[in-house]
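In structure tokens, one chain follows: the form predicted alone.
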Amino acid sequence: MAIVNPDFIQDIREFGADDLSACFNCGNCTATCSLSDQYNSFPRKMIRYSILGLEDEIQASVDPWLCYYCGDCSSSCPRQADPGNLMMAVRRYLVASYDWTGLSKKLYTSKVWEIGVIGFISLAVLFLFIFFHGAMPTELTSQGGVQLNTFAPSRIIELVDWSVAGFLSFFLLSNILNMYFKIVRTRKDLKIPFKLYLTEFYQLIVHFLTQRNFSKCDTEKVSFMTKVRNGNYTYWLIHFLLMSSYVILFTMIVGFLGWFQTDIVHPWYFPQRILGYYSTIGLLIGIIYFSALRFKRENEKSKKSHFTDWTFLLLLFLTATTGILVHFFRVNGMPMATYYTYVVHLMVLFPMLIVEVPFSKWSHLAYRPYAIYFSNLINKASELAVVKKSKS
């Protein structure tokens, strides 16, 4: 028997949803959605679940993650119920429901918690540098670089990076495991063959690396160039650029810091610098593009912003700009400016990683491909069960 939460409409509003009473269940939103199919019908179902307060059904659904918020459902809604915004709010709610620590809910529903946690981590980084930094030599190395590794030895920073990576992995993976139990293991009547877990896993990798469903989020039957002019492929391309830039930067910082943070000033075409330039440019383009969309509010996908959306963009912007300044001061032989800016850079970088990756906005990069993976497992297992039943 389904458990009903009569206060769910009020609860979901804390995550950014609008008043759902305008919806009269016409189904127009589902009819106009290019990603809704025979297996996953949305967003109408999510609206009904939310109005009825069926939390268990919402938590067991992958539908909110299959939505890429193109805004077609909201722009075509005859009652202005804004189903697209509800799907975004439900995704925030699901992140909080997967998180067994309860921190995600605090971050998504309280500005005080969001700012407070970020500020605490930032001050902790500053405290560690004040009392434990290395020497601050003003002379340059024989290769012409600032002695950054004397001030902040890469081996020590790398150990901290690995500790943070372990922290992030533990919480994110444990939350994904919780997600798995809510979505897959709740289907007691469905047996998923072990082979399917292996054969469908490639889809998780493909969707994580490409986010390709963004480009499918379009109901218009027009030419490729028209889609480009309308911003359909542009949105996917810039989102991919932002995501890939972040992943490359994260990989270099956590896995190859000794190679990335060097006192040697390499020529501009050195791989270390090319990857750094790509990541920095990609972050800045993404930040400017998505910020402009939210400021202009010209289309449905950017008309409404949650405060955590702006926090995320601000942290990314500060990370990118302080990183640029560190590089500029380092290659131009400005030791003191390099040291102080490096501290500010880490005061922004670490809060962004610790808060955004497992508990807030950036966790979507993991939850969405896993949701697609879990959806494929369920759909394929259901098809096999039907075939087996028909043969018996």
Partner chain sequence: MKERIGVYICHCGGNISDYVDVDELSKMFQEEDGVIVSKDVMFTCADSNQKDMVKDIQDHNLDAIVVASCSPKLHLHTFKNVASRAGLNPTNYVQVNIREQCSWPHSDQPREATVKAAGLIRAGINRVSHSESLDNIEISVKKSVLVLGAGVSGMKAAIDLARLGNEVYLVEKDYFVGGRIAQAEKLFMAGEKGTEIISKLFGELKSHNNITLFTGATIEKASGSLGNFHVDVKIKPRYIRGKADPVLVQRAIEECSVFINDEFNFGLSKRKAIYKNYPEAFPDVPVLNPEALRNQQEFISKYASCFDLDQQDEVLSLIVGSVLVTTGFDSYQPKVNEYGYGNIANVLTLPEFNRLVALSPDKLIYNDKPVNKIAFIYCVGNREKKGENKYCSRQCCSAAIYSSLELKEKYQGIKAYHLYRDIRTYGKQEILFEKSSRQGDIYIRFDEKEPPVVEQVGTSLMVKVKDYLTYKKELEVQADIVVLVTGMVAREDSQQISETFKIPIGSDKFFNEIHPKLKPVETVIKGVYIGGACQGPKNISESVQSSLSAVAKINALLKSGTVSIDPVIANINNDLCTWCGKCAEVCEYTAIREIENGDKHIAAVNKAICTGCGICAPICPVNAIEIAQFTDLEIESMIDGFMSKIEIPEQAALTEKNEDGEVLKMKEFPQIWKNIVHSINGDKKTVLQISQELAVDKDIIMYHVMTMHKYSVLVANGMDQKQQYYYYSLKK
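Residue numbers count along the first chain shown, from 1. If you're wondering where the values come from, they're calculated on a predicted model, not measured in any experiment.
Keep in mind that the form predicted in complex with its partner chain is missing from the display, and what follows is about it.
Trainee: Looking at its partner chain in the predicted complex, is some heavy atom of each of 4, 7 and 79 within 4.5 Å of it?
Mentor: Yes, the whole trio is in contact, each within 4.5 Å by some heavy atom.
Trainee: For the chain shown here without its partner, which stretch in 327 to 335, 344 to 352, 50 to 58, 358 to 366 has non-hydrogen atoms within 4.5 angstroms of its partner chain in the predicted complex?
Mentor: Of the options given, it is 50 to 58.
Trainee: Does its partner chain come within 4.5 Å of any heavy atom of residue 25 in the predicted complex?
Mentor: Yes, residue 25 is a contact residue.
Trainee: How about residue 383 - does it come within 4.5 Å of its partner chain in the predicted complex, if we only consider non-hydrogen atoms?
Mentor: No, residue 383 stays farther than 4.5 Å from its partner chain in the predicted complex.
Trainee: Tell me, yes or no, whether residue 41 is in contact with its partner chain in the predicted complex, where a contact means a heavy atom of each within 4.5 Å.
Mentor: The answer is yes: residue 41 has a heavy atom within 4.5 Å of its partner chain.
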